[in-house]
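In the form predicted alone, a lone chain appears below as structure tokens.
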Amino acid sequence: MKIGIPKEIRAGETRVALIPPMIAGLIRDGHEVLVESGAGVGAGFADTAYQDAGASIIDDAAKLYTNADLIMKVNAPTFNPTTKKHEADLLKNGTTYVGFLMPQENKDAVEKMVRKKITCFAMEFVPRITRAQSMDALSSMATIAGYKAVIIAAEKLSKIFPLLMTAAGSITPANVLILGAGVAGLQAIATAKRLGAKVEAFDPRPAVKEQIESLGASFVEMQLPEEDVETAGGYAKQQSDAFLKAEQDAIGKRLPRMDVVITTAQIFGKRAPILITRAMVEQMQPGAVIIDLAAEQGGNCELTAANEQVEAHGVTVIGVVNLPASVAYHASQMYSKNITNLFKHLYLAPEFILNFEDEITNGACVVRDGAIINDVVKNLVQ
């Protein structure tokens, strides 16, 4: 099979879907790897590194898409303002796509794949089950985002994070509040603790208390309305107004003494919940920093603007976007391992026959035989 690796065209994107060290294994399995020239440069991987690993360098995207049987990408196919063509239009009829899809934002790409009978596997739909952990790109990228969010906060804050005993007196540690204890939140907790901050964390799921405390943070308790807070697949569920108000009350009590707040709450396919209102920001101390990891989904703070830094009432609110691209080398390394593991799982059978009876194969597949087979995507694009 000929596997194509295009250069990502999303503005600000520096990651690449496959790094050179992963190529040798694919070639041993009988595959051929085609890489668009410059695809890995943003992540620190030159064309020569791909050639040395056994890949062929293709000088333009159209030629790569024409020759590939399967395309591996990071971002969903999108319109290229330079070539004036949509990447989905470059896919050959009946070929296979593996990568993130984000269907709620890329309905046109999904529709084009349906018309061209592309077999599409979306990384965000890999089931959250034990045997699929090595393919879980969402968790990999969330790990990067949680780490980087703390680094940005430390740079923006006019204080230092750790306790220091100096000849000029003692410096107290920064107070950090993490909202959400998923993968990004737990990594943010761990990073803030490593930097010496005093960390508290909030999550509506009582079950994560032990994980939070195991990292050295304090768990913020709240009075829980009787509602399910996550789906069977491990994603957060949209909550009632009463539940959201209870969350805001628990968070609001702690905001006035916080130096840094990092928000990570997202609901798949829906707008992120507002956990910090404008009135709550007004109660925070001047110089405080909010890093909103849910900015692309509308933000957890009412004042958040995606990819912008907002100053309000002396508080800095930063709506970060695509943080993994700011740590491109390791983000690409992790993603490359995830997508390669998924690919090898999909094509375990002889002659590259896909087994749609398998939970991972069927769960990750969005488009097949000219139809959307994923119920979540059907609801999003209709």
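Throughout, we count residues from 1 along the sequence that is shown. Note that the structure is a prediction, hence the values are computed from the model and not measured.
Below: the form predicted together with a small molecule, not depicted.
Scanning Thr95, Asn175, Thr78, Gln266 against the small molecule in the model of the complex with a 4.5 Å heavy atom cut-off leaves one residue, Gln266. Scanning Leu323, Ile58, Met334, Leu26 against the small molecule in the model of the complex with a 4.5 Å heavy atom cut-off leaves one residue, Leu323.
With the small molecule left out of view, the stretch that reaches within 4.5 Å of it through heavy atoms in the model of the complex is, among 70 to 78, 155 to 163, 140 to 148, 308 to 316, 140 to 148.
With a 4.5 Å cutoff on heavy atoms, Pro103 does not count as touching the small molecule in the model of the complex; it lies far away.
With a 4.5 Å cutoff on heavy atoms, Phe202 counts as touching the small molecule in the model of the complex. Of the heavy atoms in Leu275, some are within 4.5 Å of the small molecule in the model of the complex. Interface residue remark: Leu293 is counted as part of the site for the small molecule in the model of the complex, having a heavy atom within 4.5 Å. Although the small molecule is omitted here, in the model of the complex all of Arg128, Ala184 and Leu244 have a heavy atom within 4.5 Å of it.
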